[in-house]
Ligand code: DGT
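Shown here is one chain on its own, the form predicted alone, set out as structure tokens.
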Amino acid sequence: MLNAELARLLYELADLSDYIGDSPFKSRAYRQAGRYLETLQTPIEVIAEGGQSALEAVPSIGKAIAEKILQYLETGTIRKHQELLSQVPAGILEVMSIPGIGAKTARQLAEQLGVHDLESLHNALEAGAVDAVLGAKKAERLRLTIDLLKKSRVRRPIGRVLPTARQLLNQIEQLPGVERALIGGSVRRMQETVGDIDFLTATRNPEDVVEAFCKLPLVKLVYAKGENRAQVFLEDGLQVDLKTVPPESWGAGALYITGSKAHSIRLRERAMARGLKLNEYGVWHGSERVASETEEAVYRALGLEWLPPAMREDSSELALAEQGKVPQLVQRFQVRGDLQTHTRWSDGDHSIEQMLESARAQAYEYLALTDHAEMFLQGSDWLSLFRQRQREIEALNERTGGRPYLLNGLEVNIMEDGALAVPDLLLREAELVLAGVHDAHGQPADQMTQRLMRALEHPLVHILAHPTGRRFGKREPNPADWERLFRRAYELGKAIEINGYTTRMDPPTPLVRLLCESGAWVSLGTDSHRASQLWTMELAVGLAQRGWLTPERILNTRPLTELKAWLRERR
């Protein structure tokens, strides 16, 4: 559907017309047509098949605008739009996109200060020149707006965004008139990084809900507001978008707000191929709405099985949905324990007992304590120190009846040549051994492959931890022949970790898909260094879902007796 793109061009035509001082009636007509196109349920290209007269019959679209729509459908451009762009400073539309800067202010800034884009506006604000032209109060408001816009362009790890999204969701659900609400977009799809947060609400009073949403305590700036949607920024620059739909359109709206864009395009193409229309309000056959209330109903109307949000990335998932072969992805409630955590015995912040209490709050059957093995080598009597920790674990297991059971594990560093950083004698003492790269990152792919392969083949290693070494904002994933490594893990009967730590989310989605295809065992770990971090298991689960993993392949879904047997068999 081209409705949204044509609406954008019409809004730009309105802004350009205002800037050059054209008739206000023209800009008003452009905006009215743009608003109507945004809510039009029929693709404009379908209407245009009836010619110009059919377009002119659409409300808010007169002869002149109908001609422009036909131009766009035929050539991909609108001549008037191109003509006006040539008459204004390059980048002026960027300036006019800032709340508080209309055509008059934009002209004033351009003529007096040479402002023609966001960068020149920023420079003028920093120099204090805007204060003299617009006044100190308005200039300060613009500084805040531009600062938030810059911050909003940075993608953030989902683990940093999810708590804020949940807090906002709780507040939105309490707004008068809101019947239902959900978090959509990349957060609902559990994408590793997030650009903004999208919310959907079902309501009969969209304007009241939008108004109340814009007044929530966390909102720092209202960027745009309409009858059924709003865009705001939080203090840290995080962009938050709200969309409302009538309650009967909840399912179609949820599908629309969740995305991904590529998945949504495929669904609309599928609808059109069947003589249907799909938008955020439902599936339509002519003027009759045939599905809308649930996502399942919308997918069913398109001849598809429902797809979990984490799979909606236009990556052959529609073929599975068409055949009724959508995998039953692992769910958070199926995870019986966490297989990577750290305590004060190494670099963790909390005691074993504090970690145990947090695991109990998670309703876990077991918890693996995998302190860094190298920490025990700092003393001269390192084996005695390790056994002291072991006795503490055993005492707690006896006192609690093993609810949850504490696994005596270790995480060991993989050195540059693939050797492990501690003697085998220490590793033999542990029930569970993870091996991971913690230094000398960035080796060539073939060298890193050999390094990881040697560690994986070590007879005392059970799991390859955070395989690519990714750290958001710090380090890109290490290159390696992952297909070969995952295949070798399968042959050895060993596991590859999916790490849910907020700044790791490792391995990335494409490699999790490859891991899924390899048949290798998978372990889920949070790498928690504090008791409060155990909640991030849902991030590890979300990443596993993005890789289409089912519970049968994941160690953490095994009962304790099966897990312990699996660990013993690999010694």
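A residue's number is simply how far along the shown sequence it sits, counting from 1. In this text, all values refer to a predicted model and were calculated from it rather than measured experimentally.
The form predicted together with 2'-deoxyguanosine-5'-triphosphate (DGT) exists for this protein as well; it is not shown, and the discussion that follows is about that form.
- Among V194, V115, A252, V461, the residue placing a heavy atom within 4.5 Å of 2'-deoxyguanosine-5'-triphosphate (DGT) in the predicted complex is V194.
- The single contact residue among G185, G348, P206, P404, judged by any heavy atom lying within 4.5 Å of 2'-deoxyguanosine-5'-triphosphate (DGT) in the predicted complex, is G185.
- Contact with 2'-deoxyguanosine-5'-triphosphate (DGT) in the predicted complex, judged as any non-hydrogen atom within 4.5 angstroms, is confined among 85-93, 71-79, 468-476, 185-193 to 185-193.
- Proximity of S97 to 2'-deoxyguanosine-5'-triphosphate (DGT) in the predicted complex falls outside the 4.5 Å heavy atom cutoff.
- Contact annotation: W284 falls outside 4.5 Å of 2'-deoxyguanosine-5'-triphosphate (DGT) in the predicted complex, judged by heavy atom distances.
- Not displayed here, 2'-deoxyguanosine-5'-triphosphate (DGT) is kept clear of Y366 by more than 4.5 Å at the level of heavy atoms in the predicted complex.
- Contact check for R155: a heavy atom falls within 4.5 Å of 2'-deoxyguanosine-5'-triphosphate (DGT) in the predicted complex.
- Annotation for 243-258: interface residues with 2'-deoxyguanosine-5'-triphosphate (DGT) in the predicted complex are Y256, I257, T258 [heavy atom within 4.5 Å].
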